[in-house]
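A single chain comes next, written as structure tokens; it is the form predicted on its own.
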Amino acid sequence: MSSPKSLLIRNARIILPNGELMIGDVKSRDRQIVEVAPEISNTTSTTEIDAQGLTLLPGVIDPQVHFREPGLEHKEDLFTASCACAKGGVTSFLEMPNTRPLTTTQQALDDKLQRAANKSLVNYGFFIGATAENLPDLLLAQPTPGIKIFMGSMHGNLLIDQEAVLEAIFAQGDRLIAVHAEDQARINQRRLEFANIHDPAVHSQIQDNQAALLATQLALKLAKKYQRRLHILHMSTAEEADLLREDKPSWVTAEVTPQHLLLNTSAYEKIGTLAQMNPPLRSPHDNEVLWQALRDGVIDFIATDHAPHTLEEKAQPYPNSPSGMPGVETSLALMLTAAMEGRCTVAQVVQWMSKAVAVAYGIPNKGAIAPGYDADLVLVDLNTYRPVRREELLTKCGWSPFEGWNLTGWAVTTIVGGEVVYDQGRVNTQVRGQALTFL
């Protein structure tokens, strides 16, 4: 019988669960952290990493990604996406249901779980998608972090833009509901008003702040009526942040993407359709209000909405160009760079990208560096800056809206379940993550 796998990280700057910094060692055995102390003695069976000068954080949990498998693997697949996660310090992800076939049944969910078990280097969970007809699946499918509802920016069976259908879903069961909050009727009206304009900047006018606010108001109304656990995905506007600041029940959470914090409508002039996403980029004023809402706890955590498309697809003229951009490789470095600039603290980044996500989705033993927690960890270098380079990206789509940005906090070593999955530019493709559980 083989001895338990153990790992000892020495001399790290450890961000503790209370946010304080400690120079010390962390030991893991059989996927779990067993000791955190200023100094831990080694044994002959222990693999050792000298982390002198590096900062040790809990692995990032990215709670909103689109990894395109099955059906759209030319854009991304679970293997390439999980390699990109490992490089970015992301040790767990929650993936969305708009694949082909749609993830709207237990059978489709089981298929994704099996694919991930075979391919994913990091831990994984998959949302079940709501349609007008699949309420029994929404109540019973497992394991899943929750129900995903597209209130807008979608076509086909996943679009739920009728209040009566939405209410039927909110009224039954107690599973978390995560909403893409854009009002489809307003989007349709605005598309007519701005027809035949091929400047991608018009995207932010068609799917405007009001479209987002209307949908968030409706979702909040239904969540309050039924006291239903609600999560608002990729919040993008000052108006929505102000709404939640005034009226946010304890059972409601919200997230924001690095894109909506750090990019705005000026990006269209620089990178064209690579800046196109749903909900769209907003104004510098929206950036600042979202930042303040995040710092104040009105917005609870960070997600990337990693949604890759090929450069060929993105090169099509608007509105034929698809919306979405990759993000798992750059999100942690972007947020840590913001921390180094004084916009937040490293401890806040840990809260927003690890702990708060684990709490919101009921993922046990994730998001902190303490005995009993899973050994999902990332060592980052906060002393070295280097630019985002297209040729270094591991995402299959091969581009980033942040190309050329000079960032710090890049992952040096990423650890999943006590095993090194990424180290100094090399991915260990033999590591496999595990299916997440949700309490």
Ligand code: DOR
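Numbers for residues come from their place in the sequence shown, where the first is 1. The structure presented is a predicted model; accordingly, all values stated were derived computationally and were not measured.
What follows is about the form predicted in complex with this ligand, which we do not show.
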| item | value |
| --- | --- |
| This ligand in the model of the complex reached by all of Lys27, Arg31 and Asp376, non-hydrogen atom within 4.5 Å | no |
| Interface segment, criterion being heavy atoms within 4.5 Å of this ligand in the model of the complex, picked from 138 to 146, 104 to 112, 220 to 228, 273 to 281 | 273 to 281 |
| Answer option from Tyr361, Tyr268, Phe150, Phe127, heavy atom within 4.5 Å of this ligand in the model of the complex | Phe150 |
| Among the candidates Ser204, Thr257, Thr80, Asn98, the residue which, in the model of the complex, approaches this ligand to within 4.5 Å (heavy atoms) | Asn98 |
| Ala307, heavy atom within 4.5 angstroms of this ligand in the model of the complex | yes |
| Contact of Ser321 with this ligand in the model of the complex (heavy atom, 4.5 Å) | no |
| Contact label in the model of the complex: His234 to this ligand, heavy atom within 4.5 Å | yes |
| Heavy atom of His180 within 4.5 Å of this ligand in the model of the complex | yes |
| Stretch 191 to 228: residues contacting this ligand in the model of the complex, 4.5 Å heavy atom cut-off | none |
